[in-house]
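The form predicted on its own is given below as one chain in structure tokens.
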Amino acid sequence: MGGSDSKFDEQELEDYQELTYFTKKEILHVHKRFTQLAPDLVEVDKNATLPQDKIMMLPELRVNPFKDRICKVFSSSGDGSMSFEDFLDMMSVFSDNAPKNVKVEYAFRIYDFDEDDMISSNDLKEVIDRLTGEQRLGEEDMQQLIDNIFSEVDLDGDENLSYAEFEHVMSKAPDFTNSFRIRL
């Protein structure tokens, strides 16, 4: 049995273990990290929902240009706030043990800013703007880059990337899983 200081009983830990890519010990560590974001809230209620601004204080998210999208995609309420289970899901998907296909699915959802199940030229523009930061591309360079991306990966020529097209591209990106992770 787990130590008496555990916030979860054995059944809860087993359930979480079954639903994530974590061991029981790792789940407890994830909860510790969740608690550190807002000890005043979590100490009172282990299932407290933390507002997005608290979640984005996680060091690995603080520097991520997609932190707001990550929070929104993993938030069960859709507003960026997270319960422990939402946070555990996020940490699980970003863990080294999560399979590439799961990571690709969440990356697609994060980059699909308008949430229409396609990555459009507007979505790509937003991705590029966030990645380039203050060195934003001019309108002409931006359009050229988007056109080049679509000419390479938009297999059906509809000016959108479907999930299947996105998945195909990501299957050829060997460094993707290394960049799509948060270490415990």
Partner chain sequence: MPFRWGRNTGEFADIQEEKDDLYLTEANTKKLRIGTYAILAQLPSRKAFISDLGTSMTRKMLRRDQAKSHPYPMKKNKIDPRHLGRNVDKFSSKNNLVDIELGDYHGADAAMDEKEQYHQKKHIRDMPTSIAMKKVIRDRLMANKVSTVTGWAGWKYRRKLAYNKFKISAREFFGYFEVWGSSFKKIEGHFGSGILSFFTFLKWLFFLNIYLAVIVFTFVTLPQVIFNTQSAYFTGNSSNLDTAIALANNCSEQYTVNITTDWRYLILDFLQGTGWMEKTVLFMGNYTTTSLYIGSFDAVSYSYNMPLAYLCVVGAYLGLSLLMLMHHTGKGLRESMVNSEDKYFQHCNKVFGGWDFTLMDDNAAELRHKSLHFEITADLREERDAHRRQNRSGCKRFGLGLLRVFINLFVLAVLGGSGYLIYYVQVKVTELTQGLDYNTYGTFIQLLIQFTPSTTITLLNVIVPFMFEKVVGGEDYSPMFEVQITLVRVVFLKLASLAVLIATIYIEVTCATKDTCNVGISPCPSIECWETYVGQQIYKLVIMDMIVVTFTTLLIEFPRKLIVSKCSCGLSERIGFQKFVITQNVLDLVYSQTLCWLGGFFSPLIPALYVIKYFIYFYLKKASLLVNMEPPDRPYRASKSNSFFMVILMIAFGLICLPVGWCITKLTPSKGCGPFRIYSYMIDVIPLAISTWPTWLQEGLKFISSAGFTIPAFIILLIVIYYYHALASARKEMVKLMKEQLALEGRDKQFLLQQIKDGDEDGKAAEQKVTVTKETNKSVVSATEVRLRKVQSPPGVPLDSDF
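Predicted model, so just to flag it, every value in this text is computed and none were measured. Residue numbers count along the first chain shown, from 1.
Form predicted together with the partner chain: not shown, discussed below.
Any of the heavy atoms of Arg130 lying within 4.5 Å of the partner chain in the model of the complex?
Flag for Arg130 set to yes.
Any chance Ile70 has a heavy atom within 4.5 Å of the partner chain in the model of the complex?
Ile70 belongs to the contact set for the partner chain.
Looking at the partner-bound form in the model of the complex, is Ser120 within 4.5 Å of the partner chain by any heavy atom?
Answer yes; at least one heavy atom of Ser120 falls within 4.5 Å of the partner chain in the model of the complex.
Considering non-hydrogen atoms and a 4.5 Å limit, does the partner chain approach Asn64 in the model of the complex?
Taking the distances in the model of the complex, the answer for Asn64 is yes, it comes within 4.5 Å of the partner chain.
Just give me the residues of 138-167, first to last, that have a heavy atom within 4.5 Å of the partner chain in the model of the complex.
Sequence-ordered list: Glu140, Asp141, Gln144, Leu145, Asn148, Ile149, Glu152, Val153, Leu155, Asp156, Asp158, Asn160, Leu161, Tyr163, Phe166, Glu167.
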